[in-house]
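Single chain ahead, written as structure tokens, the form predicted alone.
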């Protein structure tokens, strides 16, 4: 067995660590790029959303590196993501790629026995003992939690740092270094060191940077290529970024959903505007926007792929939320035709608006 998987933010670091620990061969596709998008757009139905197309490109690039098994997650909810794996299997089969799919759905959706059967397909391919396999899985969880934490700290510190660009430099150095390490324990050790390092970045608390909340469809806000690296650009501008949805958040949320205790803060925050789950992360988008105001954000940017049904519903609600909270909200919709120039012009104009509002508020209180 040689496994490949689609990119989704920082998940490939965790997957790599887990498979290194399990002793299972794998092929990490190249980081999401124009080639992957072009491949996926060519072979995917035109009306499918951007994440689907990028993932198809990831699969084919991984298969060309020798992978014979695709590992991905699934969903039984109303979002089209629930049908991704079936359509993707069909596309790859028609292209002549003879690969197996292992799809991890939530246990409550497919049943405990079926979930364990799918897990066994991975564990049976490993020559490690049961204890070693458990340790490998735990190391994977540690890696995703740590790298997401480091990224979160960097996204806040970039607005206050004394030496401009230091937080981003440490974050990028961290990602490059841990990817080159094949020992999971060493990866965890280095991540702890980088977490201490990013926490020690000198800051000036007298600065008053703009703080922006990033909300929307989880893939397009967590996978940098799909949102044209918006967080990197905001860091360059010295803007603090708050984004709740991440791969580590998704793991915790999925586990807690088994006892209906997932995202209690988001559910309470969204109750006035959207009290029901509508698929995808539509409810989370609304709840996070409310929480962004409470957490001191100056504005919110919603990002989602063209045609995403849950986010279209959220988009129609956010103007009311924006008015009630007196907080600007901008929506960015992305697909394979999105041009960077127009995209960045809108972001820069939004930041200019937030800067003027913040300056006016400071003047009114002085």
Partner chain sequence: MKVGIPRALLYYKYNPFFETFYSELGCEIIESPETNKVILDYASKYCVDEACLPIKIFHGHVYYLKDKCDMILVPRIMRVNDKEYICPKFCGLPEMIENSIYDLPPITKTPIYANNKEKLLRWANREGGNITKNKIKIKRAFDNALREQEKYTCGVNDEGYKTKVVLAGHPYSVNDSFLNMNVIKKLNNLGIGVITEEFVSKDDINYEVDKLFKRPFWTFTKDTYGSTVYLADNRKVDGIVYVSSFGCGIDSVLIELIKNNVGDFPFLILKVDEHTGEVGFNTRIEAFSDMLLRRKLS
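For clarity, every value in this text was computed on a predicted model and none was experimentally measured. Residue numbers count along the first chain shown, from 1.
Below: the form predicted in complex with the partner chain, not depicted.
Contact test in the predicted complex: residue 57 vs the partner chain, heavy atoms, 4.5 Å: So residue 57 does not count as contacting the partner chain.
Residue 320: touches the partner chain in the predicted complex, heavy atom cutoff 4.5 angstroms: Yes, residue 320 lies within 4.5 Å of the partner chain in the predicted complex.
Partner contact for residue 229 in the predicted complex: the partner chain, 4.5 angstroms, heavy atom: Result no; residue 229 lies far from the partner chain in the predicted complex.
Heavy atom of residue 126 within 4.5 Å of the partner chain in the predicted complex: Although the partner chain is absent here, residue 126 would stay clear of it in the predicted complex, with no heavy atoms inside 4.5 Å.
Option touching the partner chain, based on a heavy atom within 4.5 Å in the predicted complex, out of 177, 132, 83, 236: None of the others qualify; the residue that does is 83.
Of 225, 97, 273, 250, the one that lies within 4.5 Å of the partner chain in the predicted complex (heavy atoms): Only one listed residue qualifies here, and that residue is 273.
Residue stretch of 335 to 343, 59 to 67, 34 to 42, 320 to 328 approaching the partner chain in the predicted complex, non-hydrogen atom distance within 4.5 Å: Every other range fails; the passing one is 320 to 328.
Residues within 4.5 Å of the partner chain in the predicted complex, restricted to 39 to 72 and counted by heavy atom: Residues within 4.5 Å: 45, 47, 48.
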